[in-house]
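One chain follows as structure tokens, the form predicted on its own.
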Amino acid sequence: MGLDIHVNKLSVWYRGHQALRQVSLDVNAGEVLALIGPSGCGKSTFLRALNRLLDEDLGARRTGQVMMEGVDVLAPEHDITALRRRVGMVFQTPNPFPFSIFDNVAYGLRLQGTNDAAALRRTVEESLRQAALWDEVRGKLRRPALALSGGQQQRLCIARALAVGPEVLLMDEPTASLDPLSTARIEELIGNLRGRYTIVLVTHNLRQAARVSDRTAFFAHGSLVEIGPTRQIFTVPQDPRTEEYLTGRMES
């Protein structure tokens, strides 16, 4: 399951500042790829390019390709709505809508035209189960989503992303605002989703990257420095800049 992604010479500029420089890498279907590096190195910009969130910034410009099943999804003629159904996004701060728990998860399905009550119930339950939240909210689906704890809200946002049937899940520091217990639940969830979805995870938590990812990519100053199996990156990195960052000796 999941989807292979091939990124070829991706560069991004914001109002004259180059945020990404000729980044080329492959993401394998069903794997968890962690993106690490100092603040401002381009990790989140790279993530946002994959489902064209950069299109919403009028000051952004990009070159290069992001290929999925032989199609460049960055091409102007490519359907952005269709892309975002296949490539879901979870942000650093949980962002549930001011609706009920049920209506949050069903939101994207209704936008796609699914109005059959039984189908909505089945998909909402399945998505909440995948997000490891069902047992905590069953019987409370009509309660406000904003009444949930921060960790529950983040898992609800993951369920909302999963409900529309994506093949790729992008996660931009999904545990940065959470307590250690909630962080552990999200990490366990990522492990459970591995193989069913392609997951690209931005994290500043090096231990988290080591725990949950199959491969790790290290970025610095807008460039991809090194990518490889996580164990190799953390134990025998090939580039001295990677070792400097992992040992705390790299200046941002």
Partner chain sequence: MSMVRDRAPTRITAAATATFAVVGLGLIAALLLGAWPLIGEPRPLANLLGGLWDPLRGAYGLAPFFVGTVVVTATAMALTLPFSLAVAVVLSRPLPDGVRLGATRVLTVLTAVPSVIFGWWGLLAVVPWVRARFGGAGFSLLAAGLVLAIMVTPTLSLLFYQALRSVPRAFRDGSAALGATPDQTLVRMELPCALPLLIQAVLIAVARAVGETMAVQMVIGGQTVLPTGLTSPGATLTTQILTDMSIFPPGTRGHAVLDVMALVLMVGMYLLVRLAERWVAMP
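Not measured: the values here are computed from a predicted model. Numbering follows the first chain given and starts at 1.
This protein has a second form, the form predicted in complex with the partner chain, left out of what is shown; the following refers to that one.
- At the 4.5 Å threshold, heavy atoms of A119 stay clear of the partner chain in the model of the complex, well away from it.
- The partner chain in the model of the complex comes within 4.5 Å of no heavy atom belonging to R194.
- Remark: S223 does not count among the residues lining the partner chain in the model of the complex, judged by a heavy atom distance of 4.5 Å or less.
- Although the partner is absent from this view, R160 contacts the partner chain in the model of the complex, with a non-hydrogen atom inside 4.5 angstroms.
- Contact with the partner chain, judged by heavy atoms within 4.5 Å in the model of the complex, is confined among 105 to 113, 176 to 184, 69 to 77, 123 to 131 to 105 to 113.
- Checked against the partner chain in the model of the complex, the candidates R62, R211, R48, R215 yield a single residue with a heavy atom inside 4.5 Å, and that residue is R48.
- Residues of 33 to 69 that come within 4.5 Å of the partner chain in the model of the complex, judged by any heavy atom, are R48, N51, L53, E56, L58 in sequence order.
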